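The chain below stands alone and is given as structure tokens, in the form predicted on its own.
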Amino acid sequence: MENSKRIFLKIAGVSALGLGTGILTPNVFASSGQKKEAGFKKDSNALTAKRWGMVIDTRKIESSDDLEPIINACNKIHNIPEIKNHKHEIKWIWEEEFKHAFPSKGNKYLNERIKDLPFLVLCNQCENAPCVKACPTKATFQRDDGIVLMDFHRCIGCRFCMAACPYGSRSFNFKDPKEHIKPETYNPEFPRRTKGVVEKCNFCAERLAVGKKPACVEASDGAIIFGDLEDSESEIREVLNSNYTIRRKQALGTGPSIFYII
């Protein structure tokens, strides 16, 4: 009993140190294999890559109506709660204006189509993810294939990762999510979160583990291309090689894995 008490106090003390000072603390919670597998068991059909990436072809998008089925597919599969208060809403993938998605690329004479076009935005699964470095408990971690994930059980709700993310791609559960999920749309195959944890897009890691592409890709009718950025023979590399693309806030050095064809 005394040993257990000492261990608990040690962990609590380390967590408090990280919260109070902003100093990044050692990984006292994560197992040694956490970064590799992310908790989603892979079967023989699993899709694998050296580094996953995504291309969004905005030429195939004309209005919010084109984005609605894409966003809905993600929301339904991942049990994302519908919270009307925008201060408490949870967002994995959503639409944004060009000037907000690409604040450094706007100009006074911006093309009208681009100016009025809704852009899909989501976690950029950064190569050099600042959120991973900011998390004191390693609840936010990066797999070998580049996907940045959340371990909801290790999240202590400090929100350091939210402050570190320059894309606003993380949401905090101020409310209990289950109170805002309709029973008829609940997906029992994806873990439901609790109040007080951070969540975000996970590139559908749970679907990749069983051989399925991300839900947004399947619902996009060809507007989203997904694949291995390190495979020179992959479809995504072919698309990147034949089209000019831009990335969000690229100058920050985070190495976003989401590309946009304009």
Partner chain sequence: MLETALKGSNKYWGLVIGLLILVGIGFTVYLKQFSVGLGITGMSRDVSWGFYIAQFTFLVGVAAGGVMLVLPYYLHDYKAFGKITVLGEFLAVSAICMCLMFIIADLGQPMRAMNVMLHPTLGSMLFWDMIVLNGYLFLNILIGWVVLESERNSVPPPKWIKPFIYLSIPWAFGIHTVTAFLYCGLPGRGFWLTAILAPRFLASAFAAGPSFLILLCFIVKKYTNFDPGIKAIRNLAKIIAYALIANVFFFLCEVFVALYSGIPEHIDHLEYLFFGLHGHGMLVGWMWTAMILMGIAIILLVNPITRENNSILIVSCVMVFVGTWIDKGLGMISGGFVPSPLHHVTEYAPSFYELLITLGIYAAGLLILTLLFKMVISVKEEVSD
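Positions refer to the first chain, counted from 1. Only a predicted model underlies this, so the values are computations on that prediction, with no experimental measurement involved.
One more form of this protein should be noted, the form predicted in complex with the partner chain, which is absent from this view; the next part is about it.
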Fill in: The unique member of Lys42, Lys213, Lys195, Arg59 whose heavy atoms fall within 4.5 Å of the partner chain in the model of the complex
Lys195
Practice prompt. Would you kindly say which of Pro81, Pro130, Gly146, Pro118 lies with a heavy atom within 4.5 Å of the partner chain in the model of the complex?
Written response: Pro130
Worksheet item: Wondering, does Ser171 line up within 4.5 Å of the partner chain in the model of the complex on heavy atoms?
Response: yes
Item to complete: Using the partner position in the model of the complex, report whether Cys158 sits within 4.5 Å of the partner chain, counting heavy atoms only.
Response: yes
Worksheet item: Could you tell me if His180 has a non-hydrogen atom within 4.5 Å of the partner chain in the model of the complex?
Response: no
Discussion item. Thr137 versus the partner chain, in the model of the complex: is there a non-hydrogen atom within 4.5 Å?
Written reply: yes
Worksheet entry | Per-stretch contact check against the partner chain in the model of the complex, the hit in 69-77, 106-114, 182-190, 158-166 (non-hydrogen atom, 4.5 angstroms) | 158-166
Worksheet item: Looking at the partner chain in the model of the complex, which residues in 58-93 have at least one heavy atom within 4.5 Å of it?
Response: His86, Lys87, His88, Glu89, Lys91
